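Given next, in structure tokens, is a single chain: the form predicted alone.
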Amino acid sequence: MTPVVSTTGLTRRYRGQLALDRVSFDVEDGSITGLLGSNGAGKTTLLRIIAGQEFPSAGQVRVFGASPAENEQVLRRMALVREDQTYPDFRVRHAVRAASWFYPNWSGELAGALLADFGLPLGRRISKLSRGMRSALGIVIGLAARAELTMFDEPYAGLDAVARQMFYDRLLADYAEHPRTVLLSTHLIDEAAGLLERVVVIDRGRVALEAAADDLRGSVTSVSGPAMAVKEFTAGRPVWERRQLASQESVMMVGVLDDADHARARALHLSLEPLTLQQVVVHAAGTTAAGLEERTSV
């Protein structure tokens, strides 16, 4: 099956600055993939190229098997909602109506429900909306479009935790009823972790890690206790870092632990704490992720 998105050696340079460096990955149909990484890692540039809004300096991108650049047949099948989304000097109702003309799978019913959920004033000019309301408008359009490829680039700037949870709940519910491919760029990793089926970690313009989200959960464990016991327990296993204070040591050990490992840790008086998805991503972006891909079923 042809991936919905496929990039090969994708590179983007800006006046000597390398924003993307030979990025290669696939996004399969009917999945929610998290595009994760720090600010400035290259996520927005990557999404703009996928959406046909920028040209790569080298490499290629295929969306639905074709180049998205200046390709109306491809562009009408996707939607990109950005944090810095700009609109003409429309009122809210006019922006929603205009969006309904562009997207063939548009759901007016869903748009109306979301407008009510977020309390958006239909008659207000977009230029007069707060930052959070503008973000909510982008979410309304992105979800109601029901585009076959829906991309969100940090879409909830200015939204409080309650509104962000509403976005997650609505996205998951509508995705279950109307499956499509979703690419979500976010730095609130743990908050969105329950949505994600795969993650692609971008670090300084390169793919640092690509894996199924379930494979990453529990794939790295903090091991702490007496230094000699920690060294014995982790011998021959990949670790990311070691910290020692006096006779105590703590390490990040890569690899899923079984019942025998837990029993051995108890016998050695060690404390085991699995890293959250966000902690795994942060460490993966700061290392070469050595050993992780070998120990997870990617």
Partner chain sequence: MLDAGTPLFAQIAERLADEIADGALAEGERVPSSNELAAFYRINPATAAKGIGILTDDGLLEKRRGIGMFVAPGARQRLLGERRRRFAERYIEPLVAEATRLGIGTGELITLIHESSHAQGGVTT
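For clarity, every value in this text was computed on a predicted model and none was experimentally measured. Residue numbers count along the first chain shown, from 1.
Keep in mind the form predicted together with its partner chain is missing from the figure; the text below concerns it.
Residue contact with its partner chain in the predicted complex: G132 places no heavy atom within 4.5 Å of it.
Of the heavy atoms in L275, some are within 4.5 Å of its partner chain in the predicted complex. Shown alone here, R217 lies within 4.5 Å of its partner chain in the predicted complex, counting heavy atoms only. Put simply, D259 is close to its partner chain in the predicted complex: some heavy atom of it is within 4.5 Å. Listed stretches are 147-155, 106-114, 167-175, 123-131; the contact stretch with its partner chain in the predicted complex is 167-175, by a heavy atom cutoff of 4.5 Å. With the partner omitted here, the residue from V230, I32, M253, L47 that has a non-hydrogen atom within 4.5 angstroms of its partner chain in the predicted complex is I32. Of the candidates I189, L195, V92, L209, L195 is the one whose heavy atoms come within 4.5 Å of its partner chain in the predicted complex; the others do not.
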